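Shown next are two forms of a single protein chain, provided one at a time as structure tokens under the names structure 1 and structure 2.
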Structure 1
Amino acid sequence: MPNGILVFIEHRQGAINKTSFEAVAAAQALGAGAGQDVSAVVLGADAGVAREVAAYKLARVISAENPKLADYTSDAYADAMERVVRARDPQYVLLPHTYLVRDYAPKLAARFGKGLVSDCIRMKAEGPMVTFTRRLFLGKMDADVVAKGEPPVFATFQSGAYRADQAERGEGAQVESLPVEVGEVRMQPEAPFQEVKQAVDLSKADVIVAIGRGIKSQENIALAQKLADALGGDIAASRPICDAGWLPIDRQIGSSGQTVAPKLYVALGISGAIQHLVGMKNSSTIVAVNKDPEAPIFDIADYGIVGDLFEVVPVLTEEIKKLKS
């Protein structure tokens, strides 16, 4: 009888992708709701990664080992994960929705005759039934998905759907070594892609004020800049603003820009398309100002203000100045 939850931990060269801990948080939430244990799987014999993961509240950490797992290939990862899933027979397999996972997870699910419930933003467990929610049409619509048929259920979670700091730490989970067979690897890994160093490194900023289409014109950016100055922060933007040339590309946040996690992120006139959310969802505190109450940005915001930013921002700026004076 299948049982338990297996969560995939993505790592490269000893560094764990932060979204893996978000997936751990999702797995722990599902485990609490469904009354099931949570185990994590690390592909490749990296003792340091396994120990780091073992510090979280998990039943066990499975270290799947094979020399072919030293570098990522979809062939090797799909083979290794298939062996782990068949050996452990989990009810659910949860993964972070990263580029790497999107590459091999559909192949993995297909080997079990299953679909992949991808890019989920939340889930709800009611006894044996679990409902996953994912976005459609660039966030304009949500769809509830219930997996039917026999386990396992494969699901990936959008970056920021859960926060890494929500993952509960434990007293040290047991690390189990599991040698796995890996078949023919048909591709040769290239050297990791190295991005050009940014002229402006927003990843080090504690406070960011970001603007979207709602700012309407380049002249209105001064309004957001005054708020950023009052907060002692940096100005940033979504892709349409940088594409229009209103701010340099170095100021762009999102999948094709910078990824940031400041203490405070203020989103002004940003609807919350997934391409932008993946770049800022790990921010400690998110404040959103948007006149559309259904804007997806409010789903991840800690504080939301439904209103015209041209009315809200000047008031916020003045109140912050008063607090500092």
Structure 2
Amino acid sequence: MPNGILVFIEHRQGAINKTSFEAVAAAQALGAGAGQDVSAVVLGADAGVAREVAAYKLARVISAENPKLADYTSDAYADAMERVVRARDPQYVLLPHTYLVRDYAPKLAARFGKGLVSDCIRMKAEGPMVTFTRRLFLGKMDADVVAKGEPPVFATFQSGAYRADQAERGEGAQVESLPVEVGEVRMQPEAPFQEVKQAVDLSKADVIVAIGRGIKSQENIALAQKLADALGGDIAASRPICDAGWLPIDRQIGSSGQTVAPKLYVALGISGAIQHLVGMKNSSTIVAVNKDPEAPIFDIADYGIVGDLFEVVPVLTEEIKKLKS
């Protein structure tokens, strides 16, 4: 009988990705609801990581070991996790929706003839019935999803779906080391690196005016720049603006760009996809200007104007100049 919940802990060379603890919080919540115990899995022999994880309220920490797990590769991780899942036979395998997990977890699930319930933002357990909620259409819709078929169910959680500080600590879980077989690894990683030191550090900005695809063309950026100047702030952008080369990549806000929390964040013509929101949702005051009243950016905005940014921005700039003089 499949039983229990496995939660995957991501670390790189001993540094744990903290969304792993959000996944622990999710697993504990599910475990409490479904009456199942929770075990954590750490890949690669790292006693420090195992010890850190063992401080949480868990049935056990499984340290799956093989020299090939020292550097992350999708081949080695999928093999190792497959061994762990087959050995433990769990009901659920929960993972943080990180770029590393995205890279190997679908391969893992495929070995069990299924995919992942990916990038969940919520979960509700009513007895044996678990409903996962995930975003569709770049954040414009939510979908409730139930998993069917044979266990295990593989699910990943968006960063911020659960809070790491809600993960319960315990008396010290047992660490079990499990040697695992890993087959051929068909890709060779080089060391991770950052591009040339970022020229602008937006994390210290008090005011950010961010533009999205609604700005339409590179020439129109001047309009937003004037607003930023009037507010004494910095200009930033969503990904497509940097992809197009209209602004340098160090002004990109979001999961693959910078994370900011200014006093004021003005989003002009940005729809509010989850990968953008994770980079700015902790800003103190959020203003959104968008012509689509259903744009998901409004879900987290304090002030919203439904309308054409080309009408709003010049007036707003003038009004702010007046107030400041």
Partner chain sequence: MKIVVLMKQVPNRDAILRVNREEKWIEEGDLSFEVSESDGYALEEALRLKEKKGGEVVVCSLGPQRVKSVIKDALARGADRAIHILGDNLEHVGPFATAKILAEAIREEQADLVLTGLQSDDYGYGQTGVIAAELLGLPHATIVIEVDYSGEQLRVKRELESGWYQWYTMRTPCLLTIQSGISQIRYATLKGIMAAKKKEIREVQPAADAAAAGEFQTVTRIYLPLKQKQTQFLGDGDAKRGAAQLAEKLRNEARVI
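Here, rigid core means the biggest group of C-alpha atoms that superpose within 1.5 Å across both forms. Start at 1 and count along the sequence of structure 1; that gives the residue numbers used here. Model, not experiment: these values are computed from the prediction.
- Source of structure 2: the form predicted together with the partner chain.
- With the core held fixed, residue 262 shows a CA shift of 2 Å or greater between structure 1 and structure 2.
- After superposition on the rigid core, displacement of the C-alpha of residue 240 between structure 1 and structure 2 amounts to 2 Å or more.
- In the core-superposed comparison between structure 1 and structure 2, residue 160 has its Cα shifted by less than 2 Å.
- Superposing the rigid core and comparing between structure 1 and structure 2 gives a CA shift of 16.7 Å at residue 222.
- Relative displacement of the residue 278 Cα between structure 1 and structure 2 on rigid core alignment is 2.6 Å.
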